[in-house]
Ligand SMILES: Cc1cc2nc3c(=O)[nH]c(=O)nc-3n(C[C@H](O)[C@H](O)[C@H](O)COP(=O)(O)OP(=O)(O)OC[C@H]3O[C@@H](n4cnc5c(N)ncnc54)[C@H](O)[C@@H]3O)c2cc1C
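Only one chain is shown below, in structure tokens, and it's the form predicted alone.
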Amino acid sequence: MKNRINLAWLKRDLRIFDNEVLHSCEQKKIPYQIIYIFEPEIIKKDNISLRHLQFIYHSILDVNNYLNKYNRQIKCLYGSANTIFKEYISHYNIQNIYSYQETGISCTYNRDKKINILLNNNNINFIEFEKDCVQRAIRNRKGWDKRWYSKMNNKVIKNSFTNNTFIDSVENNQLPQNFLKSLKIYPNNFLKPGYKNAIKLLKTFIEHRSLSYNKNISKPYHSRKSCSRISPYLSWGNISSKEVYQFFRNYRKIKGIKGFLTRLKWRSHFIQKFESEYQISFRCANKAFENMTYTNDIDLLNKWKKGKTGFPLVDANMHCLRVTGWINFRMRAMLVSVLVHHFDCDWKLGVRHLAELFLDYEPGIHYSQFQMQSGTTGINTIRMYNPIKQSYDHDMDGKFIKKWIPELKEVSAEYIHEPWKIPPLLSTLEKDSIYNSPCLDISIAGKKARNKIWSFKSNEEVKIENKRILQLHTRNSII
């Protein structure tokens, strides 16, 4: 007779505390195994890059370090979830598989449908918990805001664990050695994973960093300290949104905290939008914009990706992102705006590149925001970020630019934003420097882009689509 067990399947919820999956396994009082599955097909299709996998792996190590005293650990497996669950079914009498709902692109959605069929055919309960007030299959957002606050004020689960005596006999699907070797490396320039590091960040934010949060939120250099920087920990589930909310709830009067809490709710709102319409990962939110044409100059696209456009602030942000995995919201918006509007490239050509660079990649945020900044939602204000103006406004002395573009380190503040205007006798740049002549005239490109997108937005098909979008994604209360 096969032994009865439960499985805890962790995905973007790599934490000990406020974890309903682990709590439910403990409550059932039968042996259980905690697993994380590195799925090659999902990794390939879902914009997951090595930096994400490294963050995941080291998050798992952090959890296992806590679980060791209970003789438990998250077991890392490699392969398709369907194959791995079949393996467990052949070894054990599985009663329940617990997991959080995952708001992802079509490949994760299709995987979960296959898992549901497999488990139903084997009389196994698949219990998925709602995450961050994101609901499946809702037709409108009526009452959503009130529900979010209610969820965020629910009691945080203080997970406790019993000592484990179960020995897992499933030996297949181990991590390949070369793959494991790549995971064990963790670059020093990235935020360090784990619950303790998340809490440390939150404490320093409350104690002093939040004081300049509102003032510096758009500044690429100063925002690195004044912003909370909690996003990777939320994206990969090192800490729950509920715990973060309650951590700050009693500090609303501290300067910057109220704005942070607004953005925490904003985060769930956009994930909910994506949950309701995951198709925006591969088509425009407003379907009529699928008919918009672009020049899609591959040379411009590659210069944008490599940070070799000749526009200092654009290039500095791309270099910073490649090395550290993080830039602030305004700079993310600017990168998308420059690509789509000024360089006239389809958003689909750049969406994967930035997803792979963002350490805090979250599909629900990424695709929703990418389309907002691309102007393809139809319902949002079109914002075009001129990279030269943004440079003057938010990096006045060029401190951020000089940090990430050593070539411009000796350029004075007077010319740092437009180094091509340096008089030849004063220039220290090499003759073939890209900063002597940027890849296009930003003013001319901006004018063309504004004429193009505003004329398209007035299209009758766009207006018809807007009604559908408003019905599904908006509500009367303030977002």
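Computed from a predicted model, the values in this text were never measured in an experiment. We number the residues from 1 along the sequence you see.
Form predicted together with this ligand: not shown, discussed below.
Query - Contact of N317 with this ligand in the predicted complex (heavy atom, 4.5 Å) - result: Close contact is absent here: in the predicted complex, N317 is far from this ligand, nothing within 4.5 Å, heavy atoms only.
Query raised in the report: With a 4.5 Å heavy atom cut-off, would you call H366 a contact of this ligand in the predicted complex?
Result: So H366 counts as contacting this ligand.
Query - is_contact(E102, this ligand) in the predicted complex, heavy atom dist at most 4.5 Å - result: It does not: once this ligand is placed as it appears in the predicted complex, E102 has no heavy atom within 4.5 Å of it.
Report task. Report yes if any heavy atom of D132 sits within 4.5 Å of a heavy atom of this ligand in the predicted complex; otherwise report no. Result -> Answer no; every heavy atom of D132 is more than 4.5 Å from this ligand in the predicted complex.
Report task. Could you tell me which stretch in 386-394, 221-229, 73-81, 159-167 has residues with non-hydrogen atoms within 4.5 Å of this ligand in the predicted complex? Result -> Single hit among the candidates: 221-229.
Requested in this report: Taking 4.5 Å between heavy atoms as the contact cutoff, choose which of Y92, Y251, F270, W347 touches this ligand in the predicted complex.
Outcome: Checked against the cut-off, the match is F270.
Query raised in the report: Of the residues V336, A198, I401, A285, which one places a heavy atom within 4.5 Å of this ligand in the predicted complex?
Result: That would be V336.
Query raised in the report: Considering only 370-388, what residues come within 4.5 Å of this ligand in the predicted complex, judged by heavy atoms?
Result: Result: F370, Q373.
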